[in-house]
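The chain that follows stands alone, in the form predicted on its own, written as structure tokens.
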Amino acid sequence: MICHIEVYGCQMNAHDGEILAGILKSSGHTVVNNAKIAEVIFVVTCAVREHAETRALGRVTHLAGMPEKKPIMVLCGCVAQEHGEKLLKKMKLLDYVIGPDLYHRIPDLLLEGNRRLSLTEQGVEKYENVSPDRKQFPRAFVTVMRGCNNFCTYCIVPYVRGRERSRPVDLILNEIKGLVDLDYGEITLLGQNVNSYLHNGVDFPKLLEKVSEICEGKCWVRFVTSHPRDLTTELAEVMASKENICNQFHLPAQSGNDRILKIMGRGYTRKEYIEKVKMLKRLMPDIVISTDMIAGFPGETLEEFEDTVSLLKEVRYDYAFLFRYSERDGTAALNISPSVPMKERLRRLSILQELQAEITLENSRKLVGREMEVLVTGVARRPGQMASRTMGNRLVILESLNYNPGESVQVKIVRADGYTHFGEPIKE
């Protein structure tokens, strides 16, 4: 059958889309980019925030109405896991609702032809026998663990992704060796909380060191996402000691106030968080640090919100992913009062966004005049340009098409607007 896949949400979802495509292709199906010609349309969803869920469900309605003949509609991912059979009753356009652990069942379902089914059982699926259909050369995702044991009070991930389960070391390393042989220039290790990886005595710092050795002299290594509580000095030292491990760290703070952090169930204080940031900067002075922050968490006072504002000012993140608090059914935060009015949540979010935009721009402009290596990732949005990335994952635009994806180029940064940088090649 002709299949089309659309993905919403995090990098784990993006990789799940590649896994789904690999499963379909290995079963004889065709995967296309054009939804209009598809007989089956898959929408891989994210349930972390209300906006992402609403957007994905709206897209299902739109896609189902596009072709003259209604395609088979399959909702996958975290929203499918969260709501299950309720979605079939709510959305008559849907044929299947499939949770993240059951993609291997899809070829049989399409063959059997029984519609209006919901499959959301959670197991220990790691998709070890699946060859992902990768679409982002020269960058590749490799899942090292799935699930989460933290149960932060605002987060639905443990409920829709299950408990932590780490992949065997040898399987991870063999997958990475194959990618190195295919000349991938960057490999990102994925997990809901990579720092808690543990398999047969091998923890994440040891795994990262092994991956770095395989990739040495051939490709960069980065990883997401990390929990601040689990960030160790050992991990930071491994990063600092290996030239091919990217000097980038995503360290979600969520709040700058100790009372709110405790209610969130984050397991660290503001002081402990800042000490870990200082450790990263001491060991890697050029490190690029990003974060997640929530504005308007239940019960957050104006004074407590100001602590989050001050944390942005103190750490001066290169990037920040900022959100207003989003209610998620089944999470403990729903029972915390008083609720911050939506208008006030949005006002606080706007304050964080404006401040971070200033900090990001200032940090970005400090790069002007510097020389650095970039990895060419593909054609940019504007004609005549190529896109590339630094080790810190900053976007650098090259004003030429005379490069190939996967090529490393030494450039001088000549202009920066905060999120985008422009580089000129350094002639040898």
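Quick note: we count residues from 1 along the sequence shown, nothing fancier. Nothing here was measured: the structure is a model prediction, and the numbers come from that model.
What comes next is about the form predicted in complex with a small molecule, which does not appear here.
- Within 4.5 Å of the small molecule in the predicted complex, a heavy atom is found for none of Thr143, Lys218 and Phe223.
- Residue in contact with the small molecule in the predicted complex (any heavy atom within 4.5 Å), chosen from Ser290, Gln192, Thr120, Ser212: Gln192.
- Out of the listed residues Leu367, Met372, Val376, Val48, Val48 is the one that sits within 4.5 Å of the small molecule in the predicted complex by at least one heavy atom.
- Comment: 316 to 324 is the region of 197 to 205, 316 to 324, 131 to 139, 299 to 307 lying near the small molecule in the predicted complex, near meaning a non-hydrogen atom within 4.5 Å.
- Taking the partner from the other structure, the small molecule in the predicted complex has a heavy atom within 4.5 Å of a heavy atom of Tyr154.
- Within 4.5 Å of any heavy atom of the small molecule in the predicted complex lies no heavy atom of Pro71.
- Although the partner is absent here, Asn257 lies well away from the small molecule in the predicted complex, with no heavy atom inside 4.5 Å.
- Using a 4.5 Å cutoff between non-hydrogen atoms, Arg266 counts as a contact of the small molecule in the predicted complex.
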